[in-house]
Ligand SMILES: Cc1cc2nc3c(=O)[nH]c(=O)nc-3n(C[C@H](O)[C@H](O)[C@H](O)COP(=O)(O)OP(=O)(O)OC[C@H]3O[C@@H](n4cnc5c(N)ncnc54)[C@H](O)[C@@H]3O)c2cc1C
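Before any questions on binding or motion, here is one chain by itself as structure tokens, the form predicted on its own.
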């Protein structure tokens, strides 16, 4: 039997998740939040910034930025394919400056 929904949200990034949550709070309608990627729970390649380049097509769309003038190579343009979207990539980006920077302040 074909199941229908009242709201179909394509993309489980930050905005899609917020829209789904707010709809769930305001309606009794059936909501589907559709995300292309798989779960990253417990996978260190998805949660450790130093391993970001190890992510497979399961977690990233694999986009490349255009090559720059002067023969510079294309750059990898990370666009997350998992629940939480690019905010999921960004949440593991914590860089602590050296103590000397704090001392200079």
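This is a predicted model, so every value here is computed, not measured. Positions refer to the first chain, counted from 1.
Absent from the display: the form predicted together with the named molecule. The rest refers to it.
Please tell me whether any heavy atom belonging to residue 34 falls inside 4.5 Å of a heavy atom of the named molecule, as the geometry stands in the predicted complex.
Close contact exists here: in the predicted complex, residue 34 approaches the named molecule to within 4.5 Å, heavy atoms only.
So in the predicted complex, does residue 45 come within 4.5 Å of the named molecule, heavy atom to heavy atom?
Heavy-atom contact with the named molecule at 4.5 Å: absent for residue 45.
Residue-level question: is residue 20 within 4.5 Å of the named molecule in the predicted complex, judged on heavy atoms?
No.
Are any of the heavy atoms in residue 78 no more than 4.5 Å from a heavy atom of the named molecule in the predicted complex?
Taking the distances in the predicted complex, the answer for residue 78 is yes, it comes within 4.5 Å of the named molecule.
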